[in-house]
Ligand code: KG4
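The form predicted alone is given below as one chain in structure tokens.
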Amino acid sequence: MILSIESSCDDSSIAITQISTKKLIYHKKISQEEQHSVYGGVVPELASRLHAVALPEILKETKPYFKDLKAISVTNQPGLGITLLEGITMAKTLAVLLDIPLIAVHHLKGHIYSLFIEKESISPLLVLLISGGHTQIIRVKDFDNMEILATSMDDSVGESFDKCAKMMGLGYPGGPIVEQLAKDGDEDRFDLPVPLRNSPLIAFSLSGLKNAVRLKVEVLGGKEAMTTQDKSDLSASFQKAIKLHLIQKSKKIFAREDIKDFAIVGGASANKYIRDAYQKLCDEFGKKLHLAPLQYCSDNAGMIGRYAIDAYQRERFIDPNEIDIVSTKKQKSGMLL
């Protein structure tokens, strides 16, 4: 079995995955949403302190599996450096004490492998990754070849949902709240700009749309003056603009890529409105849509463990003394390391 650890942001998670069957034997995640909600977003120092408490508590429950462990895997990039350190320190210690190999996992590759929890991996594959930190389309040729075809020039989809929710005083995390409100809203009430609509660039940009929402909130008298219907309509209009932006740029990639399998991963991939839009797009282009189970869309150790199985079989191990912490950064294009 492989024990995997995820602490790249504000979720403390540990999983045990069986190598031969790919079965998820144990999985637990402790969310910090309640503690961070009062600040309207993640506070790195607070997240680190909470990881320091939660991870050891979860680890206690996995001790019966220690005798069967063949490797330890841990997220080492990208993420918040101060929170990655908590998971990496634990992983290094376990690898040394148990004298078993250590596997470093790229967080975004982990999200891709959320599709394959308790399943065989498939490739080639086109992937839309939409999360709190990233908006990218990735061509997955195979385990060793993953290329970013398009990425965000500024804010990510998840980040934009959270910030717009904060502008309207809706709370954190904003994505699920905005999606729920949008169900009762008029998506055509507010004429919000679709980013890069007239640009030939195959890229994503959401800062302008976010600013347009801010201006609408001001026109409505601020978040305190907005009615519930105002918030529902603005949420629906914002979500519609996001959808149109993603679909427009994805169409350009679909038109030039012959790969028939397409997937959506990451925390924001749980949005059913976006899922439904991509199902229609895939039907139009003759592609098959793959989606991770809802419980594995957000950060979790199960996806880290599933990637680690394929890495273990290829003996992709790292010396515990040489593992690097790579904090959050926006990779513009090229191979996903």
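Keep in mind that what you see is a predicted model, and the values were worked out from it rather than measured. All residue numbers are counted from 1 along the displayed sequence.
Just so it is clear, the following notes concern the form predicted together with this ligand, a form of the same protein that is not shown.
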query: Location of this ligand contact in the predicted bound form, chosen stretch of 283-291, 304-312, 66-74, 265-273 [non-hydrogen atom, 4.5 Å]; finding: 265-273
query: Glu179 within 4.5 Å of this ligand in the predicted bound form, heavy atoms; finding: yes
query: Contact test in the predicted bound form: Gly185 vs this ligand, heavy atoms, 4.5 Å; finding: no
query: Partner proximity in the predicted bound form: Ser131 to this ligand, non-hydrogen atom cutoff 4.5 Å; finding: yes
query: Non-hydrogen atom contact Phe161 with this ligand in the predicted bound form at 4.5 angstroms; finding: yes
query: Residue (of Lys231, His245, Lys216, His107) lying close to this ligand in the predicted bound form, criterion heavy atoms within 4.5 Å; finding: His107
query: Within 279-298, the residues that have a heavy atom no more than 4.5 Å from this ligand in the predicted bound form; finding: Cys297, Ser298
